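Presented as structure tokens, the chain that follows is alone, the form predicted on its own.
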């Protein structure tokens, strides 16, 4: 009787393991299908959205980079900023991890790591968002910084104290240093 029970337990464990593996593969296939659909959409919209250039890694569909133009009438105008996307396997059920590779002086971007404090990349994520729309949201954040939840305290403190001129000066300086082509 004990041998029979042990065989049943092994069978149940095996089936449970197999089902989890199949579900994980199914999730990954769904993620790949979604990312491939977004890739095709990006190829179609290259001309339609000149502010964003999204590129998928040649060897890994879960790794993307983006070049975004700094919004006009901001200290980031004229700059081109590079973002790195790490897309999790359960995407689009979970948000991508996105960070600035280009140094930027902004209250909602960690100066050293490039981490971005943006609600849609945390607790307000929805599967309706795409990598392209995330780029749009980041451009909007660049134009409208939220100084009350800073990752960069220096820039946040400048804005909270009302020193908009000082903030703009620092942001423009870093844009020129890090996000604009070198002249010469």
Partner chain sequence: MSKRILCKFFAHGACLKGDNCEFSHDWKDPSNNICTFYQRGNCSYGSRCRYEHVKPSRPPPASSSALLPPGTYLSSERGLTSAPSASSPPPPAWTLDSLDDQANNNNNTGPTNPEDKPICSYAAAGDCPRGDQCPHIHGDLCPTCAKRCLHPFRPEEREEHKKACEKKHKQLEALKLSQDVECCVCLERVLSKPTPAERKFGLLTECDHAFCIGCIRNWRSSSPSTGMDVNSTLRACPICRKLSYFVVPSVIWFSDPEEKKEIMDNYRDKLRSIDCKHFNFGDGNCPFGTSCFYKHAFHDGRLEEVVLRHLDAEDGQTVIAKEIRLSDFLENMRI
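Predicted, not measured: the structure shown is a model, and the values here were computed from it. Numbering follows the first chain given and starts at 1.
Form predicted together with the partner chain: not shown, discussed below.
> Taking the shortest heavy atom distance, is residue 62 within 4.5 Å of the partner chain in the predicted bound form?
Replying inline: Heavy-atom contact with the partner chain at 4.5 Å: absent for residue 62.
>> Using a 4.5 angstroms cut-off on non-hydrogen atoms, would residue 33 count as touching the partner chain in the predicted bound form?
In response: Taking the distances in the predicted bound form, the answer for residue 33 is yes, it comes within 4.5 Å of the partner chain.
>> Taking the partner chain as it sits in the predicted bound form, is residue 93 in contact with it (heavy atom to heavy atom, 4.5 Å or less)?
In response: Result yes; residue 93 sits at the interface with the partner chain in the predicted bound form.
> With a 4.5 Å heavy atom cut-off, would you call residue 50 a contact of the partner chain in the predicted bound form?
Replying inline: Outside the cut-off, so no.
> Thinking of the partner chain in the predicted bound form, which stretch from 63-71, 152-160, 136-144, 121-129 has heavy atoms inside 4.5 Å of it?
Replying inline: Every other range fails; the passing one is 121-129.
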